[in-house]
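Just one chain follows, in the form predicted alone, and it is written as structure tokens.
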């Protein structure tokens, strides 16, 4: 039997159909400095050129044998389109600096959501990058998109302490604001769906129990995430960083096809809580494993993820671009070595 293409492998994984081997992919940025250097460009230029954005994603995937390309890389595309500006650090001597939002709304009274944000800022550039990846990717890669979750998106355009303090003192207006953010996230995700991506990750990164109590998560986060996942028709991933052990069952109730967790999650316990029929992606520390470790240590990290019961080995966040080439190769080789066995939710051909 011939091997599946990367796209087929990912599509079947989300349908929980038998596959030949575990795909090597993520729902977050996977660009590497090695690919950028091969292209002869600077890191800052990938954020302002559709060709560079698409090319760096495609080159990284081809260089290391990833099964998918994922764009964009920075969290500022939508905040910028909402009028909050952008700091690109194009003239900095530093090799790797991600764009940041220079100006957030100071109060809820200042919030003014631009209904035409999809056509503002760099949003059309991201669209063009997706179209380039779809038309020029000969390797039949999977194509992933991501959008920040409503609460995390809110934290990009207004200071989070305003929201957290307002939950008690100004509950109605905070809930209304998060409702606007939910509508915005849905609009962006549905738009990416219309561009033909294969899956979408909703990154509600700042809502783990390091910051929010399970009780607050249930009332402030869960209902809005459920609305987002209900609106998307292609496969979705519910990703939350930091501690998620106490909210994993509520995460599962939000309706995404898969759950993505980072290294703070106890996957063995998570698997017991949600059962073998739920897709779980995770859960290695990308910086510690691919930047700081010796390459000889990487295989054990990846094997533990698989042994603990993930259906796909995912980094807990974006890959830091300045990875060690030999560490990424060890990561890919380890999935190739141990990923041919069936996982709890997905069989093998």
Partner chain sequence: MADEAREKEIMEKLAEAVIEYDEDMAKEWSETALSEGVEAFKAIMDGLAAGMEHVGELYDQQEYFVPELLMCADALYIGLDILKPHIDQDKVKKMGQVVIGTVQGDVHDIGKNIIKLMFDVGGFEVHDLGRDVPLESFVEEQLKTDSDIVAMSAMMTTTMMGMKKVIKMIKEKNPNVAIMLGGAPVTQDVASLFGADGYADSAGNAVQEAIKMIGQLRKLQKQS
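Positions refer to the first chain, counted from 1. Values in this document were obtained by computation on a predicted structure and should not be read as measured data.
Below: the form predicted in complex with the partner chain, not depicted.
Go through 268, 211, 195, 113 and name the one with a heavy atom inside 4.5 Å of the partner chain in the model of the complex.
Partner contact (heavy atom, 4.5 Å) among the options: 211.
With the partner chain left out of view, choose which of 189, 225, 75, 143 has a non-hydrogen atom within 4.5 angstroms of it in the model of the complex.
Contact with the partner chain in the model of the complex is made by 75 alone.
Choose from 128 to 136, 156 to 164, 226 to 234, 250 to 258 the stretch whose residues reach within 4.5 Å of the partner chain in the model of the complex, heavy atoms counted.
Contact criterion met by 156 to 164 only.
My question is simply whether residue 101 lines the interface with the partner chain in the model of the complex - judged by any non-hydrogen atom within 4.5 Å.
Output for residue 101 is yes: heavy atoms within 4.5 Å of the partner chain.
Would residue 96 show up as a contact with the partner chain in the model of the complex if we use heavy atoms at 4.5 Å?
Residue 96: yes, in contact with the partner chain in the model of the complex.
Taking the shortest heavy atom distance, is residue 89 within 4.5 Å of the partner chain in the model of the complex?
Flag for residue 89 set to yes.
Do residue 37 and the partner chain come within 4.5 Å of each other in the model of the complex, heavy atoms counted?
Output for residue 37 is no: heavy atoms all beyond 4.5 Å of the partner chain.
Who in 239 to 255 is close to the partner chain in the model of the complex, meaning a heavy atom within 4.5 Å?
Read in sequence order, the lone residue that approaches the partner chain (within 4.5 Å, in the model of the complex) is 246.
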